[in-house]
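Alright, here's a single protein chain in two forms, structure 1 and structure 2, each given by itself as structure tokens.
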Structure 1
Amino acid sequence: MVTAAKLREALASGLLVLGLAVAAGSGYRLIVLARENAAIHDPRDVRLDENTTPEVVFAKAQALDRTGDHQEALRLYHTIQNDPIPAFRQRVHYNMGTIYLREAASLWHARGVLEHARVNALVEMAKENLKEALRLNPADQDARFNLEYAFRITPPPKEKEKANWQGTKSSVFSTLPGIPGGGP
């Protein structure tokens, strides 16, 4: 027969085991968060894999952008651009648009019209990302400023060669007969 004292003892043991399990789980989660915070603080030596959180990837991309490795930064931003959190996605698109815009501006200042096609493509990608950033957060003044800058540095369309038209002024007018009798 189970006495009330044994029942209380078993219940206390069960609660103790449950409490230890919850504490161990919380401790493990704290260790993981501390590791992620350290990686976000100094992402230079972080090795990325499929289990890396988007925040760490974002920090790594920012660090790469600061060191001048823009292509790798853009590649990392592309991997996290569909994050479900809109505010996070907005920052990703803003950073991507800014990188494209910076590359287009430097190329335009360095080579001018000679790189028309590349500058135009970079500016269009910058506009697309900055528009998405503004769609997600219309109050972002930095994105608005950069988008206006992108529209200002958009290279003019290449001029087409003028047609070598040799006609006379009279040939401009229609030669179709009008409605006889003055029409309705």
Structure 2
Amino acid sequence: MVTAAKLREALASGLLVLGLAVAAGSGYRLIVLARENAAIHDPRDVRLDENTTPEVVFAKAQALDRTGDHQEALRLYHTIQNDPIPAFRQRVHYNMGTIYLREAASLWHARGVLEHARVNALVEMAKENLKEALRLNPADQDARFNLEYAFRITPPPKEKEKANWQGTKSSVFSTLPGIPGGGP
């Protein structure tokens, strides 16, 4: 009877220790998550390092974009675009594509063909990212819409520049002077 009582006491002690360990571990994780959520809610003062969770980096990038620092926002998105979680990666690519698209659209509407090369590069980046977002989630209506818009504002190809060819052959035909205005 005494042995049974000791056994029950040992079991109760084990339960107490195990419960304490589980509660402590869970409590610690909840505190960490609460801190991360506070940082996601207001990421302005967050200092990023290699241990910062991707969602906090995402929030920081978005805050930077809101303040007009698009380049830094894109740089941060680039650091998390290979996250192993597809749904998260999809959001990253969508945001990157949309920022590129917004930049391209404002430049295209403001400067038109004068900024042909930059607009073209930005639109291509927007397309690539929005396509990747749609590969990861074909049902994303916003990504579909923005990608279609990226196609709409894709600048038409510029006229091919004239070849400034200079022959090196010693052929008589290659060195004959042309007749201005075209010959008969």
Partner chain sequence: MRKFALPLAIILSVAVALLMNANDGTAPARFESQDDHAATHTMGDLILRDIVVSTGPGVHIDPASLPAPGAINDWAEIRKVETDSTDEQTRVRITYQVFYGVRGPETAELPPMRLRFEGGGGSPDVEAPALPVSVMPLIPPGIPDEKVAIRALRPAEPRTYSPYPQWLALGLGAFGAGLVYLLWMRGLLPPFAGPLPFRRACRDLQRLADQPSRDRAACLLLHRALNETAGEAVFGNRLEAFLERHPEFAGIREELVEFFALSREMFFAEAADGDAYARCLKLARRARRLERKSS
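Here the rigid core means the biggest group of C-alpha atoms that line up within 1.5 Å when the two forms are laid on top of each other. All residue numbers here follow the sequence of structure 1, with the first residue given the number 1. Please read all numbers here as calculations on a predicted model, not as lab measurements.
With each form of the chain shown alone, which structure should be assigned as the form predicted on its own?
The form predicted on its own is the one given as structure 1; the other form is structure 2.
Threshold 2 Å Cα movement between the two structures for P138, core superposed
It does not, since the P138 C-alpha is displaced less than 2 Å between the two structures after the core fit.
So that I can tell if S26 moves, could you say whether its C-alpha shifts by at least 2 Å between the two structures after the core superposition?
After core superposition, the C-alpha of S26 moves 2 Å or more between the two structures.
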